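The chain below stands alone and is given in structure tokens; this is the form predicted alone.
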Amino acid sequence: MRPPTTPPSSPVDLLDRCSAIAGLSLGELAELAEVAIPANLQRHKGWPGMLIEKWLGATAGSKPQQDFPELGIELKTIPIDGNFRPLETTYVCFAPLLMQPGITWQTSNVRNKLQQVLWLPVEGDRQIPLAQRRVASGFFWQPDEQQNAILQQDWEELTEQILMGQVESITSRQGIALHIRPKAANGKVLTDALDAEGQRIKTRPRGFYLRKSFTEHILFNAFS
């Protein structure tokens, strides 16, 4: 078995590719793909996701679009414990801090990323060696009316603060499903933003993340 050389032709094809790797370990997938396995994830946090992208034929890379733009589907790998509970928050996308007035939830990158998601849980218990962690079954998810309303409300409240020049006052405690927190390799990485007077300031880049309580509900509905 080898990783595909072309992107999936349809959602059914994509789900078939998920089924083909379900139950296999990251070590087995890395060996079959001839990819080096890091000793741990301290400096390679995104390695499991990149390995799975390779096996599913994702084409977007780091571009601000869905991982499978031809299908309009975003891939989210999510580390889980033995009870299928998420072990960490889920990164969605960067939060633009020089946001153009007039942007709406409907045209936002957050909504674009979350309108159709392929969730692929992976064992994430740190007691399990990285190479032995297995891939679970993938499933498609689209936010229902209630979930969409919660996401929209969180996004609008957080975005309003950015537009008002209050990015420095945003905390990770804000938001029911969606929150903002720093997103950078270290505290020395800075980007432009605006303060309350409309003057440019330097601040740490921010990212939108889904809370564990929100993704746990998604996983529960999929596997219960």
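Numbering starts at 1 and runs along the sequence shown. In this text the structure is predicted, and so the values were computed from the model without any measurement.
This protein has a second form, the form predicted in complex with the DNA, left out of what is shown; the following refers to that one.
In the model of the complex, Q161 stays away from the DNA, with no heavy atom inside 4.5 Å. Contact annotation for I176: none of its heavy atoms lies within 4.5 Å of the DNA in the model of the complex. Taking the partner from the other structure, the DNA in the model of the complex has no heavy atom within 4.5 Å of any heavy atom of P69. Within this chain, P143 is remote from the site of the DNA in the model of the complex, having no heavy atom within 4.5 Å.
C93 is the sole member of C93, A131, I150, M99 with a non-hydrogen atom lying within 4.5 angstroms of the DNA in the model of the complex. Here the chain stands by itself, but in the model of the complex one stretch of 99-107, 150-158, 82-90, 134-142, 82-90, has heavy atoms within 4.5 Å of the DNA. Taken together, the three residues R126, K183 and N186 all lie with some non-hydrogen atom within 4.5 angstroms of the DNA in the model of the complex. For the partner-free chain shown, G187, V189, L190, T191, R204, P205, Y209, R211, K212 of 187-224 come within 4.5 angstroms of the DNA in the model of the complex, judged by any non-hydrogen atom.
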